[in-house]
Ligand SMILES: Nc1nc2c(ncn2[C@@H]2O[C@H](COP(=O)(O)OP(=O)(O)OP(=O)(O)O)[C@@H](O)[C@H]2O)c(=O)[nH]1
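Below you will find one chain, with nothing else, as C-alpha cells; this is the form predicted alone, and questions on how it binds or moves follow later.
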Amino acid sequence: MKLAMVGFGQAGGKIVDKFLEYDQKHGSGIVRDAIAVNTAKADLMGLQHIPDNDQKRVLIGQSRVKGHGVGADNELGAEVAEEDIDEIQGAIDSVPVHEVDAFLIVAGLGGGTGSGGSPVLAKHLQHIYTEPVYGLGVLPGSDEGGIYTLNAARSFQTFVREVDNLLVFDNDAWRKTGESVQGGYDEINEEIVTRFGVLFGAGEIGQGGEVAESVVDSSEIINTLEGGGVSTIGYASETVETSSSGGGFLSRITGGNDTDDLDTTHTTNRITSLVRKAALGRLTLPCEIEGSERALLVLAGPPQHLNRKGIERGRKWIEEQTGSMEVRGGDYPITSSGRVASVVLLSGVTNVPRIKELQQVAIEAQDNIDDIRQESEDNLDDLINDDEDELESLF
C-alpha cells in the first residue's frame, strides 16, 4: 500500500522519519512521499530521513510562536494549523497524489502541535481529496502528566471523527518500568514501524519479487478500515531457517521438492500459533477483540514457510473470536526474511478500557473547567465588592 505520510508534531515527525528508514532498509515501497509539520524548528532540524527543504519540513505558526512550539497547548496548536493550512497544502501539492492509495497523518495525541493540528489537517484533506485519510494516533503514558492525558482525551474525540479510520498506539501498554524516556520512545517507535510496516507493505511486490499465494493488496486494507472507528494491530513473529532455493508459489501448491519440502503440519501449526499470539498478545491498543467489526490477517516471511491451509485456519479462528464475518487474510512472501510474522488488524473495536478512561477524563476536565471558571468569576466579584467597600470607607 502506497501512502502519503504527514508527521504532525514532534512524535509524528519522528515516526514518519522512522518509516522512511524502514522503507529504505526493507525496500517495501510503503512511503510514496513524506512531510513533517511542526511549530518547533528544532524538532524539524532533528529529523534524519525526511528531505531537508521547505516542501518536506513545514514550520507553521511562526508569527505566533516564533518557531518555539506551542508548549503543549493543543488549542493553540489547532489555531495555528487553521491559520497556516495554506502552507501545509503548499507542501502537499508536491505529493504525487495520483500514485498514493491513502493519506496517513501521524501524531502524538498528548502534546500541543500534533494533537491540536492533526484533526484540522484531516478535515482539510477530506474536503479536497477522494483518497482515504487515516490517522495514526499515539496515546501518552498515564505517567507523563495530566495535561498530556487531557490533550489526548480532547484530540482523540476530534481526530477519530475527522479521519476514515484512526489506528491507535497506546504508550501506556509499551513503556517499561525503569526505562529512560528517550530509550522508551525509541523502542516504541520501532514497534510502531515494525507492525505497520508489515501491514502496509503487503502487496507491494517489487520487480522480480515473490508473488503471494493469497494476495493482500491495498484494497483489502482499505476495505478493512472502511466504516471508520478505531483500529488496533497485533503482531507476533518467530525465527525460521531459510533455504537457498526459497520455494515459491508453485512449490507451495505442489509441496515443493524432495530436498526442500517442509513439514506441512509443522508449518500450519506455526502459522495458527502466531495468529493467536498476535491477536491475544500485546495489541497496539489493548482491547477485547470480541465485537471487532472487521479484521485482516497478514502472514509474512519466506514463502516456503507460508501455506494456504495455515492462513485459512488462522482466518477462521479470528472469525470465531471476533464474531465478525468480515475477516480477510493472505500472505506477504519475503524471500530474504529470516522470520515468519503474523499481523492482525482489528478494525471497529469497541470494548477498549483506555478509550473509556480518556472519555471520563474529558468529562471530568470539562466539569473542572466549569467549576474553575465559576470560582474565578466569584473571586472577581468578591474582589470588586471589596474594592468598592474600601473606597466607601475612605470617603
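Here the structure is a predicted model, which means the values were calculated and not measured. The first residue of the shown sequence is 1; numbering continues from there.
Below: the form predicted in complex with the ligand, not depicted.
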I'd like to know if residue 72 sits close to the ligand in the predicted complex, meaning any non-hydrogen atom pair within 4.5 angstroms.
yes
Is residue 43 one of the residues lying within 4.5 Å of the ligand in the predicted complex, judged by heavy atom distances?
yes
4.5 Å heavy atom contact, residue 197 and the ligand in the predicted complex
no
Is residue 144 near the ligand? Define near as a heavy atom within 4.5 Å, in the predicted complex.
yes
Going by heavy atoms within 4.5 Å, which of 188 to 196, 233 to 241, 314 to 322, 297 to 305 lines up against the ligand in the predicted complex?
188 to 196
Counting heavy atoms only and using a 4.5 Å cut-off, do 9, 14 and 110 all touch the ligand in the predicted complex?
yes
Picking from 224, 158, 171, 272, the single residue whose non-hydrogen atoms come within 4.5 angstroms of the ligand in the predicted complex is 171
Counting any non-hydrogen atom inside 4.5 Å, which residue from 202, 138, 122, 104 sits next to the ligand in the predicted complex?
138
For the heavy atom contacts within 4.5 Å of the ligand in the predicted complex, list the residues of 35 to 49 involved, in sequence order.
38, 39, 43
